[in-house]
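What follows is a single chain, given as structure tokens, in the form predicted alone.
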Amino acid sequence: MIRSLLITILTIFFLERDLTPGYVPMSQPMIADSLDIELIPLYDEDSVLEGYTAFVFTPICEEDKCYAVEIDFFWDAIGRYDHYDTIPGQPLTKLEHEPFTPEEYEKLHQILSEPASVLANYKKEDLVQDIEEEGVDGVSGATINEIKESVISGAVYSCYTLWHIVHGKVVDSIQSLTYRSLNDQLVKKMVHRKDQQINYFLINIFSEEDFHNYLPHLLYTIENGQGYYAKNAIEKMPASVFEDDRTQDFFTEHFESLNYFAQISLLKKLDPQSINSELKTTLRNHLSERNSQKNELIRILIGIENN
């Protein structure tokens, strides 16, 4: 009864909270006792999207006890947790209303900064185990060993709830909102960060039209990508993009700098009927006497019969 009443009061308070004029909120149901949070876009000095923030006012309940947590969260444009801020006059507390120490505030940031936390693998009711005290059976309160390094003693449920908010459904909402906000300025800003996660985010959400509209920025990511990124980006690119002169000019210039796997992916994507003479010349110059898949694909593209 007490828990339900507190949740109702907190929900009413949160839903009536005013938004700063000029911001566009986006509501998304979260795990924190069915509360919604509202994402507020943040912009840089050039009015280009930088990330998002959200005020969270949520009850943390343990058995018959509930206490409120007020906190501001911040994410980047693809939904990665960046940092949190406490509300003036509303410190974070542990059991028995004991305030966090400076070290515990830092530890909470470290906990929230780990997207692959072990906390993802547990239900709330599995976080503590019953212990036995003399004359009393089943006293609840001992944190299970598997998560001790991923929580703060006395604030197990707070760490768990806040981590799930930060890395939960809100990430999908952020990514959807960012996709709807894409324009040339934003894509250019994102790719020039040379961040592989951002690059993968873009090639995984781009439509065929987007690949054409943002082609110069896409080619920039291929030129500066690491590991298998170039291969994966080429495989994501629609066939129509390879007919674009800008694409063919780029690969004419950069074919040699691609690793072998990216070269193979490119050769499989090219259409012999649509590649220009400059690209054909580049491919011809990369023929060798070896009997390799690469040579076989080049011969097909430039119209040389296999011996």
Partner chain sequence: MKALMILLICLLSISPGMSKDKKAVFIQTESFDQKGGWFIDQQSMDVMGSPYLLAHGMGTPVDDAMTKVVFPEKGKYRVYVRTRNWTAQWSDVPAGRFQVLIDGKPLDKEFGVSTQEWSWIDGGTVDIKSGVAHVALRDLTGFNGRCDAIYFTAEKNDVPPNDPDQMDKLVEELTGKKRTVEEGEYDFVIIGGGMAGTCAAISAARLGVKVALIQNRPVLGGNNSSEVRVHLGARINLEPYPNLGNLVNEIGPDRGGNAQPKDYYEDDKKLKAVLAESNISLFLNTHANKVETKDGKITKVYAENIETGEIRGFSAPLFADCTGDGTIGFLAGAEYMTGRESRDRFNEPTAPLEADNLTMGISVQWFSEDAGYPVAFPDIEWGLPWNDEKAFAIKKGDWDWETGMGKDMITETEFIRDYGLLVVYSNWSYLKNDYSKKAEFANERLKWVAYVGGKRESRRLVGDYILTENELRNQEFLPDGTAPTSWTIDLHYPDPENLEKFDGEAFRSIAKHTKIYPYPIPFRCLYSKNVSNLMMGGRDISVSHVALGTVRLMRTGGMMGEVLGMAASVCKEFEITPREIYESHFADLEELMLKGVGDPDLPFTQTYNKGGTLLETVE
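Residue numbers count along the first chain shown, from 1. As the structure is a computational prediction, the values presented were derived from the model and not from experiment.
Unshown form predicted in complex with the partner chain; subsequent notes refer to it.
Interface membership of Tyr43, defined by any non-hydrogen atom within 4.5 Å of the partner chain in the predicted complex, is ruled out. The shortest heavy atom separation between Thr93 and the partner chain in the predicted complex exceeds 4.5 Å. Taking the partner from elsewhere, His217 is found to have every heavy atom lying beyond 4.5 Å of the partner chain in the predicted complex.
Looking at Tyr179, you'd find every heavy atom of it more than 4.5 angstroms from the partner chain in the predicted complex.
Annotation: in the predicted complex, residues Gln226, Asn291 and Glu296 each come within 4.5 Å of the partner chain through at least one heavy atom. For the options Val56, Cys61, Leu49, Ile264, the residue carrying a heavy atom within 4.5 angstroms of the partner chain in the predicted complex is Ile264. Just one of His164, Lys231, Arg80, His212 comes within 4.5 Å of the partner chain in the predicted complex, counting any heavy atom, and that one is Lys231. Only one segment in the set 231-239, 144-152, 184-192, 166-174 has residues whose heavy atoms sit within 4.5 Å of the partner chain in the predicted complex; it is 231-239. Looking at 69-100, no residue comes within 4.5 Å of the partner chain in the predicted complex, counting any heavy atom.
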